[in-house]
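The form predicted alone is given below as one chain in structure tokens.
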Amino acid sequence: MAFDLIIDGVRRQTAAHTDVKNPSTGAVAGRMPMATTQDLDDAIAAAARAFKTWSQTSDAERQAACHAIAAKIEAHAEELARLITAEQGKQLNGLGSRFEVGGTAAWTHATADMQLPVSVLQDNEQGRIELHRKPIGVIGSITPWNWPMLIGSWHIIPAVRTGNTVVIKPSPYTPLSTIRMVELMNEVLPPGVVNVVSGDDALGAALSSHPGIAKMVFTGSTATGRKIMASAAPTLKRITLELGGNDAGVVLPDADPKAIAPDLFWGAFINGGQTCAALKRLYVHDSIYEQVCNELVAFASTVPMGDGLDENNQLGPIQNAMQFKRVVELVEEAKQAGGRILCGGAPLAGNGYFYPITFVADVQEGIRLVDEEQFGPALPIIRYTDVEDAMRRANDNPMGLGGSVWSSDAAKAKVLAQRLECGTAWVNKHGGIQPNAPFGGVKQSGIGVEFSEEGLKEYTTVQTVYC
């Protein structure tokens, strides 16, 4: 099935398409329209026209529109879930495509109900001063392939809620669910408020440098984030960047290995480890090191992996060949450095980019599996003997998205968690996020935050009014 662009509220056919492959089977999931720079110009022009009226709508109208979008997503939930699985590979059940669609609808409803009221800074005999938040303009969005629809909504909905208009470019690996979501949005929004263009990386570069874009929002790698930041500089675009992570988890000696194993596992391997805020490095105290390793391997044996359309599977493949190759290389390098493979450690036979859950023990900093973000189903487990040393090593990384501390003493763990150099810290869990809590990285893991009222503010400018 060939998909079309959505520009100014209507479908636009393109002269060229490219196949989007199912990473489980290699079959064609659909055909992505290849937008030209003229298509991009037209989408931005449509968004600019729509901004003139959409920015003047009432708060109640925008709130109602966002709830209507959520209702559309709910009405088409199974269709969208199957489309995500076909292009991204993740399983339908558990923390898979149905979870992603449900999360998109729930997040949209929650964002619809958030408010940014006028703040009164002064009201006395000397006069009244008010702080108003106003929409920025046309928002450019570039989204990744790991959670294509959910992250797309994280970019679009707060922009729409605050009176902005949007041109979104999804990943060329997973454009189909985003295109369909935008098509559904246009059934309830005025033309031009949300537009979608798709194509290769060059189209993304043209979007981020376009003078008609007032703000860029990007979720993806730190390397690409740097390029977007540079291309935004000539026109002083505002930016929100949610970039890579190499999240550390520190397991204290008083933790219960069996009790924490399931949450450790899913903290690391939700979406097959293809999540920015997944657990990427696990530091475990020497006194319980082997117990934690054994419990993780035992739990992993209960989690079936395979074609996402099979209702029995709980994990799918790596999404694309490039990422598959990277995971293979990092694990092989860890083996050569003396890493002990507890399970997995080699690609699975057959079709698709399937790599088994892999735990690599007895490794240290200095190898890429520990030092860099693997973004796949392989977890290094690092032994330590001194908690202070573990905290130092956890923080000694250029990334700072998330981190966690695991202990039977939650109060003690909280104190240590607050010392982690990261935007979000968890105690006895990892990776859980909510629409009412800000999320963003420090160091090289990003600029700005998403979610909650703090995330809404990122889509506004401040106007101080003396009256």
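Numbering starts at 1 and runs along the sequence shown. Keep in mind the model is a prediction, meaning the values are calculated, not measured.
There is also a form predicted in complex with ligand NAD; it is not shown, and the following applies to it.
Participant: Exactly one of 358, 195, 178, 146 has a non-hydrogen atom within 4.5 Å of ligand NAD in the model of the complex; which residue is it?
Facilitator: Contact with ligand NAD in the model of the complex is made by 146 alone.
Participant: Pick from 138, 296, 243, 331: which residue has any heavy atom within 4.5 angstroms of ligand NAD in the model of the complex?
Facilitator: None of the other options qualify; the answer is 243.
Participant: When ligand NAD is placed as it is in the model of the complex, are 105, 111 and 157 each within 4.5 Å of it, taking any non-hydrogen atom of the residue?
Facilitator: Negative, none of the three is within 4.5 Å.
Participant: Name the stretch, out of 182 to 190, 373 to 381, 127 to 135, 310 to 318, where some heavy atom lies within 4.5 Å of ligand NAD in the model of the complex.
Facilitator: Contact criterion met by 373 to 381 only.
Participant: Could you tell me if residue 288 has a non-hydrogen atom within 4.5 Å of ligand NAD in the model of the complex?
Facilitator: It does not: once ligand NAD is placed as it appears in the model of the complex, residue 288 has no heavy atom within 4.5 Å of it.
Participant: Looking in the model of the complex, any heavy atom of residue 339 within 4.5 Å of ligand NAD?
Facilitator: Although ligand NAD is absent here, residue 339 would stay clear of it in the model of the complex, with no heavy atoms inside 4.5 Å.
Participant: Is it the case that residue 250, even though its partner is missing from this view, gets within 4.5 Å of ligand NAD in the model of the complex, heavy atoms only?
Facilitator: Answer no; every heavy atom of residue 250 is more than 4.5 Å from ligand NAD in the model of the complex.
Participant: Is residue 269 close to ligand NAD in the model of the complex, meaning a heavy atom pair under 4.5 Å apart or at it?
Facilitator: Outside the cut-off, so no.
Participant: Scan 153 to 179 and write down, in order along the chain, each residue with a heavy atom lying within 4.5 Å of ligand NAD in the model of the complex.
Facilitator: Read in sequence order, the residues that approach ligand NAD (within 4.5 Å, in the model of the complex) are 169, 170, 171, 172.
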